[in-house]
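Presented below, as structure tokens, is a lone chain in the form predicted on its own.
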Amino acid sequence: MPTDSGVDRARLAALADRERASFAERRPRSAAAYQRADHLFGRVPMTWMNKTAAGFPIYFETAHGNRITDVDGHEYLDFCLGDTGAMAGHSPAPVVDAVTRRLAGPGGATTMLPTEDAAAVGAELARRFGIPYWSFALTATDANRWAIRLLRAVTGRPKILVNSYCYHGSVDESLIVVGPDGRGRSREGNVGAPTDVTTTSRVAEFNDLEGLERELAHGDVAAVLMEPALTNIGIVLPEPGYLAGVRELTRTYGTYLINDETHTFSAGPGGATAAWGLEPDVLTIGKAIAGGIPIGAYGLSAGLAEAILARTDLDLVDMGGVGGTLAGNPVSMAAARACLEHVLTEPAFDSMIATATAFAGGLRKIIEGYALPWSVSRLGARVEYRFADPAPRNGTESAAAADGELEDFLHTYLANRGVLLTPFHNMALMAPQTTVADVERHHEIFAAALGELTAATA
């Protein structure tokens, strides 16, 4: 019988078995490489890579633009793009040239000394996001951690507030969700928490100003750390007036606001902050801004920077510092400058967003044509379809709408025909190199998958 996702489960199971068998049969070299990786924990260099719909990961051989080839000779249209890390496309020429020049010319991969590139990147981020002062880490997780520490220091308050099912990397304080009783609890799967997360964090549902105010009223929240739109639990867009309400409430209760734009950077060249006229006190970002080279960054408002620097009791240089030896290194700075100045430009975003708009429109037509109770959401250059209609309005609703079996089938079906989506969910991201023809190819395969899924129930 069909479930809330609108598909017959027996039909889905049979098709999924067929697609997994085909996946394995056509990728013997990937399968063998995976089996040989005896000295990698989980057989992969990062355990995230075991998030695969078909039993083992694809081992890639080449990656350029929005194309990947694997070790078995298959080519893929890549709509995953390293889960946003390669939003600029794989190995964009200006970034490759800048990194090569740095290493082969002046030299110095790690020097613990600044370069002029770093100042240029800071100035460009300030221009785009309207936040004047910047510093660097190697990941957005680290940038978020340092922002949290700074804001605890200047407020004297112990807690951080996040949205249920938010995404801020592996920040301990963010692994909290709203439980069935409406109270905060540790998120399922939280590994090795240093303490009960409710001692460090508060939580409110996205799009719930009443819940946010209830938590801020305790007077112990140093900062609200949030994405302007939820992304990693599926795209959840802000309702009209919500983000303005968040800013008003944080000011009313003396709480700082951090916008994490690591994923919502897809909204435009200045992320959702510029696109929607937001006014955070801190902005964190990582992944895409260096064209795939490791980087994280955090920006501070003028008032906050002044307040922090006035605190002579804070060690901002040595033990109180952040980022580690490799943060702000010459290679990352050269890559970020090239990416921001020459790749992820305003014209590039115009093209990416136009392509994403076509992607979303085509998806809706296909889904409506099969009368499935699904929805499509778009955040700039990022598009996602959900197994719920209307689209979820908060993280808990979005988590409840997940259908892992259906998702895995669709991912495997697409991969077997040369299309990659983000493994965690049904997200497609457009690079500057993505074309409407690429979109049409995805839609052709997607429509075929839905046709097979619904054939037995039509």
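On a predicted model such as this, the values are computed, not experimentally measured, just so you know. Don't overthink the numbering: it's just position in the shown sequence, from 1.
Below, we refer to the form predicted in complex with a small molecule, which is not included among the displayed structures.
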| property | result |
| --- | --- |
| Stretch from 126-134, 233-241, 162-170, 354-362 whose residues place a heavy atom within 4.5 Å of the small molecule in the model of the complex | 162-170 |
| Contact flag, residue 208 vs the small molecule in the model of the complex, heavy atom cut 4.5 Å | no |
| Partner proximity in the model of the complex: residue 83 to the small molecule, non-hydrogen atom cutoff 4.5 Å | yes |
| Contact test in the model of the complex: residue 200 vs the small molecule, heavy atoms, 4.5 Å | no |
| Non-hydrogen atom contact residue 386 with the small molecule in the model of the complex at 4.5 angstroms | no |
| Of 266, 255, 144, 332, the one that lies within 4.5 Å of the small molecule in the model of the complex (heavy atoms) | 144 |
